[in-house]
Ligand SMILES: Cc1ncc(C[n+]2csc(CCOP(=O)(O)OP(=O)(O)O)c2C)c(N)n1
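The chain below stands alone and is given as structure tokens, in the form predicted on its own.
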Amino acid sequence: MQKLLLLGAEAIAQGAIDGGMSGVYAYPGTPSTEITEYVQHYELAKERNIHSKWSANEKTAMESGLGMSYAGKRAMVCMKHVGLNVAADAFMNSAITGTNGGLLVTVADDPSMHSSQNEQDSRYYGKFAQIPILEPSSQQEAYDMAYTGFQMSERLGVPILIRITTRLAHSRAAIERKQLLDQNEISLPSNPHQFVLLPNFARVQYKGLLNSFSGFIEDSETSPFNEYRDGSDKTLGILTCGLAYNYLMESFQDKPFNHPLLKIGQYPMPRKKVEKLLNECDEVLVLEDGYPMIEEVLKGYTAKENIKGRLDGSIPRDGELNPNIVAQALGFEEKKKETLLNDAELKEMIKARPPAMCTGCGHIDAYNALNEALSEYTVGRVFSDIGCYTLGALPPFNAINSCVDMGASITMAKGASDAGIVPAVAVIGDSTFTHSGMTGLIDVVNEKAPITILISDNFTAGMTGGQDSAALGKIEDICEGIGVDPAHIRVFVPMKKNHDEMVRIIREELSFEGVSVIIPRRQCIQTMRNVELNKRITELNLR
């Protein structure tokens, strides 16, 4: 079969396409974005009419994927780890409805928070929902898991969670493709109440989920993704998963590997294999990228104090693994230690390059105007959201005071105004506004809270690479439909030449004792060559 050189994220997309997928549903978020983008740009996906439009947020994506599964077709839902928090309502309940067509939920975790607010481990969500989890250690496994995951979902009758991390998502390797499978035909569930979670039906189906769990464990025992390798040196056994397996193998490149090894790629844990490792080895070292989930499970299997990992300090409690951390945990010297520079030497050689907004970005002009307009007020009253504009927290702007989660700017500003901080200001982007800011605006309008909201409209989801914004051409209508007085929906073009006008408008709305929305509107400079977007902007008369 054909071989391709793919990122881990792209390998998952290719595996899903070849595995008979009919639709992918997602909201962009690093490091998961490339999965959906690969499908969008792949000619075979277009020929097979695979749905690949961006969803408004992760919850709507999860629900749409569940709807395609209901219809008997195979669907994949993609998001970053914090996006699973947004999708959690539908995700948790999908374990109880079960599936009709195969359903994969692919979540990209971000240990060390390279581009995220936290480093939560999505395996806990799979454990919480009591469904199987797949965790690849290579691009080929990522492809294979996506390819076979649909069949697994249909065979076991539940969604399957695929968990990857940043390093796998954004590193490249050769993969070998399998036979291209046909898409499923439409077929409705045989049980007409399967997707009706009224308590009467849900109680029955939840019991079914619990009864199925022993089958999930048995499936893990025979899974090709779970491998037990015996070894002669039983003073130490090693249990590893995901990319940690590669770091382990790298540590033994120049020496024989004689320890018993259990490599995990499918959960729930294969208990018989785990107990064999625990019973035969004096100590067990757990290498996992993320939270100590496996380590905690192992401590539930034995009363022995012979398990090493993140909980006992053998591995740092936070951050992603790397070959040096694994080598140190094994008692080896750090890999290539003689070639490494210390922190002081690195700082001397490499100039710091903190993230910054692009030269000419409209957010810059908007923040300069906002700072001047707010100069007559006390500090600490600007609540921001998640996007490129969050860089307004850094010098030279120092313009914002919060960044917590998608949509939190408006609701945090409301809470602050309820506490007496008036006026309170929210800064949110166009894509984030339709993702999860609209519901907060409803609360603000219902209570007539004295808040000024800046919806910085650059026509795209700029932070993740210029994906489609669900807000394009709709912001004023949405705000007016929610109940904002049209007289206090103000629009300006954030440019230096308009600075005085911008300051005047912001000051007028700050002094208004009610809800006001200001829309700084200028296209993201990184999308200027996007022909399709430019055409839509012109058609909507947004110039």
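We number the residues from 1 along the sequence you see. Note that the structure is predicted; figures quoted are calculated from it, not measured.
Not pictured, yet referred to below: the form predicted together with the ligand.
Not one of 127, 268 and 292 comes within 4.5 Å of the ligand in the predicted bound form, counting any heavy atom. Residues of just one listed stretch (255-263, 429-437, 236-244, 98-106) have heavy atoms within 4.5 Å of the ligand in the predicted bound form: 429-437. By the criterion of a heavy atom within 4.5 Å, residue 363 is counted among the residues contacting the ligand in the predicted bound form. Contact annotation: residue 82 falls within 4.5 Å of the ligand in the predicted bound form, judged by heavy atom distances. Residue contact with the ligand in the predicted bound form: residue 389 places a heavy atom within 4.5 Å of it. The ligand is not drawn, but in the predicted bound form it has no heavy atom within 4.5 Å of residue 285. This chain appears without its partner; in the predicted bound form, the one residue of 140, 328, 93, 117 with a heavy atom within 4.5 Å of the ligand is 117. Out of the listed residues 460, 251, 153, 220, 460 is the one that sits within 4.5 Å of the ligand in the predicted bound form by at least one heavy atom. In the predicted bound form, no residue of 258-273 lies within 4.5 Å of the ligand by any heavy atom.
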